[in-house]
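Only one chain is included here, represented as structure tokens and corresponding to the form predicted on its own.
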């Protein structure tokens, strides 16, 4: 059957788009890169780049830059660690940190780094396990088989195994990682320069940030030796240069149906924008109470401001009529491809309708489910905005989950996931009463507001207490702030946890039945349908496209290609580079445009024309923060830390005409390390001298 004219046009247009794609390492379009740029990355080059790149399990990327396990990433990716190792007398977020000797490198309490070492196609095995099943039974079989595969792969706590769903179920690959949980802080600049321009400049270009950090992976108490690391380039990036960005883009929604995209626009993003705006206001007020309040809430406020602005851009994208019309046309082409071919109609007919019906059920279940759903990357995601309640929930649930066969457990309690969960649970990171009370009180209040005071779950949680009263009582009365107590309960199992009188354990107990029921209802009647029929549509796309397309991002290793390139926006030409001179010109001496004292002291030594930041048209998304930008020699030319405002549309489609990835220039990093911070030890290590 010939493709319809519209479909053929869409396929041709998609194939012609320059530099589009977050490609898996085992399906990289080498021929396209060679045709456009005259360089063909071979298997050896791709393997080296994959092994030199790493994933920060909390949601970022990084890369080895020395044979002694030194990792380059963003300041905002290491921000949590920096805040956790700070004290009221030693504020490393504000003042930065440099370990002048190996003995001064500080252990990050909860940072895990993963290195992808093997990819295995397990699609056939997953298909066999789910053959002939539908919806809830399909999802259950898929879950059981995933758990089996991951357990067979995980041979030690130092190994992490994830079955990664690609093309919305069109393929399943087993990713085997080396897991590193001894990560130590080596260098970060001051927050004022890492986030120069603050929220006003966030997702903007031009930029003048030194958003970088260096941490080190240790194994067996010693720096990790590695043969795979990125060398430093000579001169860094220049206009028109070919650039590659290996990293772990978090999530894209480019293959969602119109029904799913409408729900994102009309419900999910709207709800999150309101919630983040309220939380931002709460944290802003909290931070203004004192310098110490500002210090302990800095990370939360930074993250919520970033999340709010990102989702505002995503909402604006889906609200754009021309953009959405393009998505409608894409779906119409797929529907036409089904309708015009009896065989395809038999294989794929009804898939769009089934997904639309599941989305309607989602509208009913989401008001409850959004409060109890698991976080895709954080096994101890703050429950009702509370870190302590997340820990309490994990401890309470561990009794039931650890007693089940591996395949029947909740995903976060499977054998493959336990090392990450226990690392987070036993982290030495400090917890602050006042911030916890404020956050939990806010969460409890919003829960009651969303569901209503007569909802059974709200009654079970609050009883007769007001949200702020309950938050203050359980936070002040809990012993879970002590790592030794959390470990005692975990090791003691059922008798210790069920016998505990801790008020937070009791709150987790009261929440458990309702939370489990809501999660089960959503997974069986919404998620299972989306998975099953999303896989059917993925098969259709494979039938039409083959592997000439790339899958949606899944916070798993990908590689994009592009070039250093300016752009035109609203009639204004935006150049590719900024420099140190521009940073000093933008400095007002007042937050958020205040360069730190160290920069002013070093100004006379700096070459102010050295590039500071630059932009490329590489296809990236959130999760690529900390990714290296490398050249065809696989040498570092920059460090990705952001995208511009048009790039926020990248969740739903490639925007290579105006969307740009934003990076710190490699020469800026070297000049700052040498002349501003005197970090000669790490400079020599990076340059191999």
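These numbers were taken from a predicted model, which means no experiment stands behind them. Numbering follows the first chain given and starts at 1.
Quick note: we don't show the form predicted in complex with another copy of the chain, though the next part is all about it.
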Which residue, 250, 566, 596, 592, has a heavy atom that falls within 4.5 Å of another copy of the chain in the model of the complex?
-> 592
The unique member of 158, 319, 517, 339 whose heavy atoms fall within 4.5 Å of another copy of the chain in the model of the complex | 319
Looking at 287-295, 86-94, 130-138, 602-610, which lies within 4.5 angstroms of another copy of the chain in the model of the complex, counting heavy atoms?
-> 287-295
Give a yes or no on whether every one of 19, 162 and 407 sits within 4.5 angstroms of another copy of the chain in the model of the complex by heavy atom.
-> no
Consider residue 184 of the chain shown here, and say whether it contacts another copy of the chain in the model of the complex, taking contact as heavy atoms within 4.5 Å.
-> no
Answer yes if any heavy atom of residue 456 is within 4.5 Å of a heavy atom of another copy of the chain in the model of the complex; otherwise answer no.
-> no
Might residue 308 be said to contact another copy of the chain in the model of the complex, defining contact as any heavy atom within 4.5 Å?
-> yes
Contact between residue 586 and another copy of the chain in the model of the complex at 4.5 Å, heavy atoms?
-> yes
For 446-463: residues with a non-hydrogen atom within 4.5 angstroms of another copy of the chain in the model of the complex?
-> 446, 448, 449, 453, 454
